[in-house]
Structures are given as structure tokens and as C-alpha cells.
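Heads up, the chain below is alone and in the form predicted on its own; it's given as C-alpha cells.
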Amino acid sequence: MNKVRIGSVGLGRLGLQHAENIAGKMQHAQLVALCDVDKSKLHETADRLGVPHRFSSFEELIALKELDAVVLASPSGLHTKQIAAALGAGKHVFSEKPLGITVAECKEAEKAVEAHPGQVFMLGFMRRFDESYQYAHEKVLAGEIGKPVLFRSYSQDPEKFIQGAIAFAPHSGGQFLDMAVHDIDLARWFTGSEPETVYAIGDCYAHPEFAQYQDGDNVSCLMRFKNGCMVFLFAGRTAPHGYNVETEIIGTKGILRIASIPQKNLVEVLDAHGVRRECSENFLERFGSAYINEVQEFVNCIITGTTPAVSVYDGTKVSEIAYTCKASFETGTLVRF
């Protein structure tokens, strides 16, 4: 197989980014089809990227013979059924998180993947494919910081995008499922362990609209993992300075910090306001290369017949942990896994 022929599903912010990446920034990949219910956006994007096949029906897309794989950036509630349908149609599947909006749906996705062992399935936990996180992970595996004692991770969205978060709140599953899943996945990846207990707190400090969904605008949790490592996660939607993702791993022999000062690039601005570094505006800007790297890994696995590092079971496990964190948040109690 010289090139993997891919159909990309969904043209929201991330879906559009995936389509552009596949069309012009990846090796051994060819974007041959697009699917979106917005026909105007569908045809405008397909014309701009030179994509021959356009569909507003997912079922028609996966019936296309000139298609080897699909990339799913569709609404979260559609993922499980689309994963099963695409695998059933003989296509390899890359899906954005979450695997499903309930743990039961995640289990359904597991069964679909298990029923098609000859096809590649990969879930999009893109932070694992960020160069800085990969570099830090290699150091942890090499034992350079000793035994991990504490894993701390923050994910903060800018306050200026709060209306979009409020609009999505009825369907998000809450901040632990919507935002903190990436931090949960990193905690599992870096510690090589699973959680034992969790205590979660938070509130609607600035935006009471989230309370009706038993959620907060800023939430946190403290977990104890089975290997004894302490894990602290924070997810917030009111950052005044921009998009902020930072991580720290404290070990018995050293400390690793990733993006402890969030910044757009290495430029320093000197003007009437003083000296400053500008922040990334959103996740697409901060993790632009990671989104390319993860789908490139998916393509490489198809060509070489290897198994992706991120599996369907990672998706289920992270969802289980996120919902347990949410249960602790809602009840205000320590929950044992």
C-alpha cells in the first residue's frame, strides 16, 4: 500500500484541522473523501483541498470502495456507532475522544474492535504525541527522576471562550469527561499505574450556568494510584491569560515540568506594557504538531501492520476514571475505584 486513502468525518474546528493535515502535511496519506451535514462547508472545504468525494451521509461515505480508513471528528454521541459501522465496512478507524459518552458505549466499542482484529483502531489522545511530553516520558521510563511521587496536570480554557463551553455543557458529560480525560490519560501513561481512590471538589465560581448539569467552571481532584503515586488534576474554564496546559512529575531523584509557563512561541514582546510572552489561544495552536503526529502514527500502523500505542481499552479506562471523578465531585465524598 503506497498511500492510505482516508475519509475525514466532521468539519468542526478539530475536524477541519485533521482534514487539512491529511491533505497536505502527512506522509503516505491521501484525503479522498469528506463528510459533514453542512453542505456549504463540505463543498467549500473539498474544493479548497481538492477532495473528490463529498458526503452528507456517513453510511454513504463508508460504502465508498476507494477508501481504506476513516478519521472521526464527529459529535461525541456518534462515535461508538460510527466506529462499529466503519469497522464493519472494512475500514481502519481513527476516532477522536471520547470513545463513548458512557462506559457502556465504550464497552460496545471494545466489542466492535475485538470483532475486527485485522483492522487498525486508534483513539486520539494527542498529548502523547506532543514532542515535549514524549521527551519527558522517555526520561521517566529511563529512571532519570527516580520513582514518580506526584503527578500534577492543569488544563485551562480561556475565559473569552466561555459561551461556547456553556452551550456545549448539556452534551459534554462534565469537565472531568470533556477536559480532564487528557490529563487522566497522561497520569496513567507517566505512572504506568491505575487509580485506587479519588476525592474531587470544585464549584461554579464565575458561571452558575454549569450548576444545572452538576458541573463546575473550575474542578479538581486528588487521586492515589495503586503504585502509591499522588495525582492532582485541575480543569478550569476561566483562564484570563489564554489556553494553558501544564504538567509536572516529581520523582525521588528529580522533577520534570512541561510548559510550566504557557507561551505561544519563544518570542518576547517588549512594549508599553512591559516585557511579556504571549500565550496560545486554543488547543489547535498549542498541540498543532501533536495532531499531525497522532494521525501519522495511525497511517504508519496501517502500512506496517503494527498496533497503535493508544488502544480502545485506554479509552474505556479513562472514561471509567472520569466518571468516577465526577461521582466524587457530585457527592463530595472519597470514592474507591
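Think of the rigid core as the biggest set of C-alphas that the two forms share within 1.5 Å after superposition. From 1 onward, residues are counted along the sequence shown. Just so it is clear, the structure is predicted and the values come from calculations on it, not from any experiment.
Another form, the form predicted in complex with another copy of the chain, is not on view; read the next lines as being about it.
Scanning Tyr243, Phe210, Phe125, Tyr154 against another copy of the chain in the predicted bound form with a 4.5 Å heavy atom cut-off leaves one residue, Tyr154. Comment: another copy of the chain is not present in this chain, but in the predicted bound form one of Thr197, Gln119, Thr102, Ser193 has a heavy atom within 4.5 Å of it, namely Thr197. Comment: 274 to 282 is the region of 61 to 69, 307 to 315, 36 to 44, 274 to 282 lying near another copy of the chain in the predicted bound form, near meaning a non-hydrogen atom within 4.5 Å. In the predicted bound form, another copy of the chain sits within 4.5 Å of a heavy atom belonging to Asn265. Remark: Gly202 counts among the residues lining another copy of the chain in the predicted bound form, judged by a heavy atom distance of 4.5 Å or less. Taking the partner from elsewhere, Gln163 is found to have every heavy atom lying beyond 4.5 Å of another copy of the chain in the predicted bound form. Though the partner is left out of this view, Ser220 does reach within 4.5 Å of another copy of the chain in the predicted bound form, counting heavy atoms only. When contacts are defined as a non-hydrogen atom within 4.5 Å, all of Pro148, Phe234 and Glu248 contact another copy of the chain in the predicted bound form. The partner is not shown here, but in the predicted bound form the stretch 300 to 337 reaches within 4.5 angstroms of another copy of the chain through a heavy atom at Gly332, Thr333, Leu334, Arg336. In this overlay on the rigid core, Lys65 has a C-alpha that sits less than 2 Å away from its partner position between this form and the one not shown.
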